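One chain follows as structure tokens, the form predicted on its own.
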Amino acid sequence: MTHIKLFEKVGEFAENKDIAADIRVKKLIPALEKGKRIVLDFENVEGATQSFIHALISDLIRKYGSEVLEKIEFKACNETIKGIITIVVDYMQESYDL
């Protein structure tokens, strides 16, 4: 299992999409290619932009399909972050249903 504590990388507010892309490329994709489960731990992260979440997970959905979400646990998300993740996931799934 790969456990990523986002607070250590982004602080209280996750907004830098370059950091999100770096996490995706260096941590998430290699873990998924090894068949590992991933925990994205949002403990102490108070907020996030939609562009951060999009940069973090949309390419994974595009590359592996929505089934990839079964291998990713979003831990310690507040309601705001849960809502943003839902928006990004719904958008990605809708774009593939067209």
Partner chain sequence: MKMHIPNSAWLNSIDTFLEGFDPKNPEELSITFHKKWLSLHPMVLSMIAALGLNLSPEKINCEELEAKSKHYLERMGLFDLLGVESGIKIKKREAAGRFVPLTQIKTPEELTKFITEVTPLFHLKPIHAEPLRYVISELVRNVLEHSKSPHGAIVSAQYYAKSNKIRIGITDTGVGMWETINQSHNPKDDLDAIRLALTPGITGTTAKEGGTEYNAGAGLFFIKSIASVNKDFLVIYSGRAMYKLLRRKAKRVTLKADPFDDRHSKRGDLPFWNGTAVGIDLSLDATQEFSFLLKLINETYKEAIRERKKAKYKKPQFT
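Since the structure is predicted, the reported quantities are computational estimates derived from the model, not experimental observations. Residue numbers count along the first chain shown, from 1.
The following text describes the form predicted in complex with its partner chain, which does not appear among the structures shown.
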- Heavy atom to heavy atom, is I72 within 4.5 Å of its partner chain in the predicted complex? no
- Would A55 sit within 4.5 Å of its partner chain in the predicted complex, counting heavy atoms only? yes
- Message: How about A48 - does it come within 4.5 Å of its partner chain in the predicted complex, if we only consider non-hydrogen atoms?
- Response: yes
- Heavy atoms within 4.5 Å of its partner chain in the predicted complex: does E8 have any? no
- Residues in 13 to 35 with any heavy atom within 4.5 Å of its partner chain in the predicted complex: F13, E15, N16, K17, D18, A21, R24
